[in-house]
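Have a look below at one chain only, the form predicted on its own, in C-alpha cells format.
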Amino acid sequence: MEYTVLVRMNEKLFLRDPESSELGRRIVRQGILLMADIGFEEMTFRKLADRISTKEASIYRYFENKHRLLVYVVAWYWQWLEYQLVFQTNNISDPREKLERVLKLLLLKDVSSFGSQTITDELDIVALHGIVIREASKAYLTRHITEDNRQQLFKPYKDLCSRIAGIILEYRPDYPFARSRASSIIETAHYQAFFMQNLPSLTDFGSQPNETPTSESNERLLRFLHHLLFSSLETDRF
C-alpha cells in the first residue's frame, strides 16, 4: 500500500509554507538536488531559480535566505527519520534489536526495504541524507544559534535524540549518559561517513578521497557503530 508521509514544519522556518504551492514544493525538492550537486557554499537562489525556471525573487517569498532553506530541509530529515524509527520499531519488543535498527537507519541502509512511505512526493531521501552528512552542522554552527534555538528550529533533532535516548534507557535503565550517547552516535555516524568519502585516512573504512563507498566499507562502519554503542552501554565503569 502506498501512502505519503506528511511532515509538519515549524512556521518560523519559512515566510510562506512551501508545501502550499507547486512552486514551493519545487523549490524544496530541486533545492535539495542542487545542494547535493554543488554544495551549500556554492548554492545560490539565483542558481536555484535558473534550475526551476522561475525568478530569484519568487524564492525569497518562501525563504529568507539559503541558510533558512538548509535548516528547513535538515529539520525535515530529522522528523522523517524519527518517523521511520517509530514505524520500524513499533512491533519490536527487544530494546537491543531496536538499537540495532537505529544504527541501520542512521546510515540509511536498505533504503529500498523501507517501502513507499520513505519517499514523500518525489523528495529524494538519498540526496537529502548526503546533505545531512555534509552540511547539517552548518545549520546550527552560527552566531545566531541562540535565537534560532529560541524559535525551536532544532526541535526535530532534539526529539530524535530523545527518542533514541529512551531506547537506550530501555536497554540499560541505569545508564547515566543516554542523551549524550544518543546525540554522539548520530554525529559519529555522519562524521565517519563524511570522512570515509572525503578524508579516508581519518577512518578505517575508506580508500581514496571522493571514491564512492562500497557496501563492504558501509558494513564495516556499521560494525564500528555497533561496537561503539554497545561497548559503552555494557560497561560497568561510569
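Quick note: we count residues from 1 along the sequence shown, nothing fancier. Bear in mind the structure is a predicted one, so any value in this text is a computation, not a measurement.
Beyond the structure shown, there is the form predicted together with a further copy of the same chain, which is absent from this document and is the topic of what follows.
- Within 4.5 Å of some heavy atom of a further copy of the same chain in the predicted bound form lies at least one heavy atom of residue 202.
- Mapping the unseen interface onto this chain, residue 228 counts among the residues with a heavy atom inside 4.5 Å of a further copy of the same chain in the predicted bound form.
- At the 4.5 Å threshold, heavy atoms of residue 86 stay clear of a further copy of the same chain in the predicted bound form, well away from it.
- Taking the partner from elsewhere, residue 54 is found to have every heavy atom lying beyond 4.5 Å of a further copy of the same chain in the predicted bound form.
- Residue heavy atoms within 4.5 Å of a further copy of the same chain in the predicted bound form occur in exactly one stretch of 101 to 109, 69 to 77, 87 to 95, 146 to 154, and that stretch is 146 to 154.
- Although a further copy of the same chain is omitted here, in the predicted bound form none of 8, 11 and 58 has a heavy atom within 4.5 Å of it.
- Using a 4.5 Å cut-off on any heavy atom, the residues of 136 to 163 that reach a further copy of the same chain in the predicted bound form are, in sequence order, 137, 138, 140, 141, 142, 143, 145, 149, 154, 157, 158, 161.
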